[in-house]
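Okay, here we've got a single chain as structure tokens, the form predicted alone, with questions on binding and movement later.
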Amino acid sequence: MTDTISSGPGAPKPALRPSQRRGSRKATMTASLFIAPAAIAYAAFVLVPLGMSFYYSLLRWDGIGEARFHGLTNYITVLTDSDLLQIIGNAFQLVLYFTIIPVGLGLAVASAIRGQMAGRFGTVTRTVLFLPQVIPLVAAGIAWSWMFASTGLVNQTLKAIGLSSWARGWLGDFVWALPAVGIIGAWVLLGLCTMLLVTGITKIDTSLYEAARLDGARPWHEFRYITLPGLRQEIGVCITVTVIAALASFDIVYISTQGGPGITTTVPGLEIYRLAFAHRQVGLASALAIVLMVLVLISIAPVQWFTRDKK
């Protein structure tokens, strides 16, 4: 009687022939050769500096003289110093402006021009909104500094419409300086979010909208039950990019306010620069950088989980 070979899920897999094993090893080696340059560059420019930053964070060092082991003292300072905690809080306040405004307006614009994607209106709208992305952030910071100045366009507009009491030196005001910086960041990121969302909305089947309209659905219902679920991944990308931009912001703040007045607009990126190069506290600067990296990872992890494809 011939034995029946089991083909169920628990059956052992047939052994590979020598030629198949050689082909598999060759494919693995070829793939490794293609991956190697990127892996080497990633290790050299990301992993090694990250490891060095963590090592420096355990030291008391001015960047020139003798380094002394300082343990976790630098981390304790970061997590207990009131000024450093306020600086970290400033970055999280910027998240509200850098994320909510660009993503909210991007969704509104993408929904509004959904039916005119191929037309001239859609092309012009996408081009105008994307322009801030091609403007250097330094130039954007300078231009907005002029607009927010005491005699700038913003105050002139307020005076022209009878709101002279609202006019002020926005970037020098202790209350309004941080929101003003947030508006600059929101303006810069609006184009990127809009383009991502406009691109994503084109993949949604138009028959879903047609069926919804036949069933009597209102525009708000179309947006809530069709557009938002269809753009889940794109929204996740937008939120991730904008949150990282807010927490790691430097250039816009440095150009527009240099962290002032006081420390009301100082963010971790700017404080790391000052601690390392102005105050010669390399260990403390490295500890703040590591803490910032951890905060970024903690902030974007839930976003990635909620917006991942759940098919």
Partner chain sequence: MRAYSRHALRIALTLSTTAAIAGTALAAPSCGTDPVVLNSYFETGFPLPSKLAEEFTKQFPNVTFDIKEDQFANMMENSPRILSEDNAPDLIRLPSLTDLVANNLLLNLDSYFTEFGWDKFPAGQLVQLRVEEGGRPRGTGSLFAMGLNYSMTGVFYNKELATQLGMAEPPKTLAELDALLAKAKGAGIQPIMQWNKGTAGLAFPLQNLMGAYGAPEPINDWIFQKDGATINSPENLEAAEHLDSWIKAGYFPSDANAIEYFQMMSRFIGGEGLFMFNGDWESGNLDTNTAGKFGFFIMPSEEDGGRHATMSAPLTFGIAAKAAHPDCAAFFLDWVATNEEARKINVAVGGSNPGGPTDLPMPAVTPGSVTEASLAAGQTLAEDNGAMDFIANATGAIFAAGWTPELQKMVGGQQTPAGLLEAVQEEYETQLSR
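Positions refer to the first chain, counted from 1. Since the structure is predicted, the reported quantities are computational estimates derived from the model, not experimental observations.
What follows is about the form predicted together with the partner chain, which we do not show.
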Inset, instruction - Classify residue 57 as contacting or not contacting the partner chain in the predicted bound form by the rule of any non-hydrogen atom within 4.5 angstroms, answering yes or no. - result: no
Inset, instruction - Look up in the predicted bound form whether residue 93 has a non-hydrogen atom within 4.5 angstroms of the partner chain, and give yes or no. - result: no
Inset, instruction - May I ask you to state whether residue 150 is within 4.5 Å of the partner chain in the predicted bound form, using heavy atom distances? - result: yes
Inset, instruction - Tell me, yes or no, whether residue 171 is in contact with the partner chain in the predicted bound form, where a contact means a heavy atom of each within 4.5 Å. - result: yes
Inset, instruction - Any residue of 267-290 with a heavy atom within 4.5 Å of the partner chain in the predicted bound form counts; write them all down in order. - result: 273, 274, 277, 278, 279, 280, 281
